[in-house]
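Okay, here we've got a single chain as structure tokens, the form predicted alone, with questions on binding and movement later.
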Amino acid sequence: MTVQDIAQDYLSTGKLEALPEGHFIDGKVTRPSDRKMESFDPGRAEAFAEFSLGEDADMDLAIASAEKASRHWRHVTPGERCRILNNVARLFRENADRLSVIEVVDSGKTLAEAQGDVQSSARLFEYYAGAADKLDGRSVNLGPDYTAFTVREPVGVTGHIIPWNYPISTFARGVAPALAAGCAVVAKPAETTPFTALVMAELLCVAGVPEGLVNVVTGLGADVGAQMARDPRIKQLTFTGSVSTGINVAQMAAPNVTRLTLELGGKSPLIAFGDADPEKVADGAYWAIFSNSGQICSAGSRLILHKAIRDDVLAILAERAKAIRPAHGLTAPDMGAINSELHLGRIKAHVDAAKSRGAHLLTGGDVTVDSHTGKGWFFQPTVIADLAADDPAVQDEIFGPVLSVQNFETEEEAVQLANGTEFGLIASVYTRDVGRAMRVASAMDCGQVSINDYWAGGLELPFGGNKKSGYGREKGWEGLDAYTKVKSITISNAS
């Protein structure tokens, strides 16, 4: 079946065939638990399937399975790991249609966005397949009396708490480097998006990943997620989510001194100087905030405009935002749904509070529905203009299709505004002046800066934040650092 056939079948029946109902432990889907939870299609605000709610025993089995498998995998040759991970990439592409439709129905995003996520996930496995046989140490010169070198060893069993906004790609960006480094994996997907992680785990085994090496336990974060964070057998924990939950995870992991990678919130700025092309700035801001309905940690949720181009940019941007058609992700809309009713309420509360403060809304500002069905969890594309630096709409992560606009006159003021939140994930600078672009990029307190193209970069570059956006880096060569530990070895050459 083509992706269109699978999509149409779902839109007609409201069902997806052959979804896993249990956990994935020790190379197989377990028997469905008596404790279940419904999974909702955000585009319809209706339940479409059930999944198992994990318990202590399920997580314990998954970690034990990973521990056992890791003792073998760490000794598999790097070349063999490379071959298997390339197989995974091939199988992901062969199953892209099914994975993409499941992702749309589970998360609410558009089909085009989900298809892009599957392709980038396949590429992640290719990239780290190529790294598996290049994880070399280095020789250290201590003089003629000693031979000294370092080796990189796998850390052991790794835990991955997967967010709901990018279930497929976040799973891949943690699991791929972990496997390349010789580690084992236990993953806990978000309770609103459980299914693609289960399907991907099955495909990993089909590709040749040994049984037990990748395990997925579904359920509530307060239950199985917390248990994973506290378990001393987990040697590296990778978490993507909110700042408050990330702090809780760090506190739970602290007694075991578990290694952590935290990718948390963001309030990322797009800074546009007076010499920038207003059309290009408006286009960059459009995609920066309205992609995936603004549900991106690194979304460009703040537009910091030089007063010389303020009116031109906002006129173009407001017109384009008003034309956006939100609808079910399988119907080729301009923008998809908000992931859950709970999160939709949070976005509305933020915007309602801005309205009560007298904020200047250029467009949007309220909950809406799919115009064809009258259903779903959607929020209108929203632009709030001329905000003060301390306004909550500037300072707080709204995590939706809501753009906060600030104005500036000098380069110093622009930098001050851009760095003026507790977050530091990414930033973008639009200007024709290369010197200015480099000065501002250097002054940004964040993990990644792009020039004249908000989403410039790729999986080959490290990604992560400063300040309350977290610490550690994923993607790129640096993404392997979390899953390896360095050992120094020195040999005396004395006879």
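Because the structure is predicted, anything quoted here is derived from the model rather than measured. The numbering used is simple: start at 1 and walk along the sequence shown.
If you look for the form predicted in complex with nicotinamide-adenine-dinucleotide (NAD), you will not find it shown, but the lines that follow are about it.
4.5 angstroms heavy atom contact with nicotinamide-adenine-dinucleotide (NAD) in the model of the complex for residue 202: Outside the cut-off, so no.
Non-hydrogen atom contact residue 221 with nicotinamide-adenine-dinucleotide (NAD) in the model of the complex at 4.5 angstroms: Yes, residue 221 sits close enough to nicotinamide-adenine-dinucleotide (NAD) in the model of the complex that at least one of its heavy atoms falls within 4.5 Å.
Proximity of residue 242 to nicotinamide-adenine-dinucleotide (NAD) in the model of the complex, heavy atoms at 4.5 Å: Residue 242: contacts nicotinamide-adenine-dinucleotide (NAD) in the model of the complex.
Touches nicotinamide-adenine-dinucleotide (NAD) in the model of the complex: residue 399 (any heavy atom, 4.5 Å): Looking in the model of the complex, residue contacts with nicotinamide-adenine-dinucleotide (NAD) include residue 399, since a heavy atom lies within 4.5 Å.
Check all three, 179, 183 and 213, heavy atom within 4.5 Å of nicotinamide-adenine-dinucleotide (NAD) in the model of the complex: No, the whole trio is out of contact, none within 4.5 Å by any heavy atom.
In the model of the complex, the one of 226, 260, 155, 111 near nicotinamide-adenine-dinucleotide (NAD) [non-hydrogen atom within 4.5 angstroms]: By the 4.5 Å criterion, the partner-contacting residue is 226.
Residue (of 343, 233, 320, 98) lying close to nicotinamide-adenine-dinucleotide (NAD) in the model of the complex, criterion heavy atoms within 4.5 Å: The residue from 343, 233, 320, 98 that makes the contact is 343.
nicotinamide-adenine-dinucleotide (NAD) in the model of the complex: contacting segment from 103-111, 74-82, 276-284, 242-250, heavy atom within 4.5 Å: It is the stretch 242-250.
Residues in 135-167 with any heavy atom within 4.5 Å of nicotinamide-adenine-dinucleotide (NAD) in the model of the complex: Heavy-atom contacts to nicotinamide-adenine-dinucleotide (NAD) in the model of the complex: 161, 162, 163, 164, 165.
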